[in-house]
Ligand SMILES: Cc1cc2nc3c(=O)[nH]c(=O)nc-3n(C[C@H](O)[C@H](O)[C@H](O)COP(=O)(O)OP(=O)(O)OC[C@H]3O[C@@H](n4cnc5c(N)ncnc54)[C@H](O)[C@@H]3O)c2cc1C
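Given next, in structure tokens, is a single chain: the form predicted on its own.
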């Protein structure tokens, strides 16, 4: 008789693991509290507009292809992903503008117009980022979470080139001189919710997967990935139950034995996989006394990655000078991160990311209109800033910043939805609304991320953006892959 695995959460990590487990012959029941799958990958529709209300940048295409292949499916039969060019359009406060392309020569020509010496430096930094990926990804991305004792595997010479105890901004300064290009390369720390002034230099690897490998966009929106994975999961036999919250993980004699639903129904299982923020697992889902209290406290009190403040705007008019992905940089980038991580306040003068998907899929907005997704990095939920009372105030801060770049939208907004860190906490089961769990401000964080195997509760496994190997769509898919692998190894060994 096949083993039963209960998966909590039909986010991208949970669906990835569910598909792999079902293909390996397990009976898989996946519970999702919301009526739709996807976790943080969501969409919103209103007034003829459609917005991707979660992840918006898709990289590492082979990871997605591998998941569909494991399901016995071809990616192209389910999704049409097209490359995005330019990758991103950058705007600076002094009026300078820069399009970054996968073609380095096209990008270098624009960089040279800003700082001639940085064209070569930019290319050299991307070579360095490719080296970081080549050396670190087998250990830190594609395999089980490493320990410091695994470091010799990268080789002594390579280890020195990784600059393990340098900060990302300091490493970038060694390659480029212009504050504009330093700001551009440093922003990739925000892809894991960190700061370029705090993050270790090894996180230059994040820039590699975008600037060297490219960005992709599904024809029907990023949320179509969640829809496709849900349908593939059902096709391979996963019992996906939407709108079914889990109240508690059941534990007996130190082993997870199933879950209790909010309805009170108990679902027995041989293993439980939580596609939920690890801090929530230990502080809310596990019965009191069934996991080490110190572990729960540690996960609950750790320094957290950033959250986000999001505006979904239906805008009248067409802005021909904007691309699919746009960044509007603030003047004082260092102060932005002081505000977020030290003052724990949303930036007084924020950098804005604006995704306008109708540039690629015109059906996402009515004719003569655009769908703007605006993201501002914000601190995790805390007492320093009350979003319930001050969201209107910060909406104005955001629109004022856009106006400084020449985009006064107030009289053009025909539809509006906002998402605060409080909303992210409530709707995505993220501890204090932090998008990526523990703040990546030290080289040791990579060794502290929760493993696929919970360890202190047998039969309990973890995946998602707060577990190894980290956040972002392809990384979360890999976390599901690693969790499924751990379950298969453990239960195959147990017979």
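Computed from a predicted model, the values in this text were never measured in an experiment. Numbering follows the first chain given and starts at 1.
Below, we turn to the form predicted together with the ligand, even though it does not appear here.
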property	result
Close approach of residue 432 to the ligand in the predicted bound form, 4.5 Å, heavy atom	no
Distance check, residue 373 to the ligand in the predicted bound form, heavy atom within 4.5 Å	yes
Partner contact for residue 482 in the predicted bound form: the ligand, 4.5 angstroms, heavy atom	no
Close approach of residue 53 to the ligand in the predicted bound form, 4.5 Å, heavy atom	yes
Residue (of 68, 436, 49, 26) lying close to the ligand in the predicted bound form, criterion heavy atoms within 4.5 Å	436
Residue (of 300, 237, 164, 245) lying close to the ligand in the predicted bound form, criterion heavy atoms within 4.5 Å	245
Residues within 4.5 Å of the ligand in the predicted bound form, restricted to 456 to 473 and counted by heavy atom	464, 465, 471, 472, 473
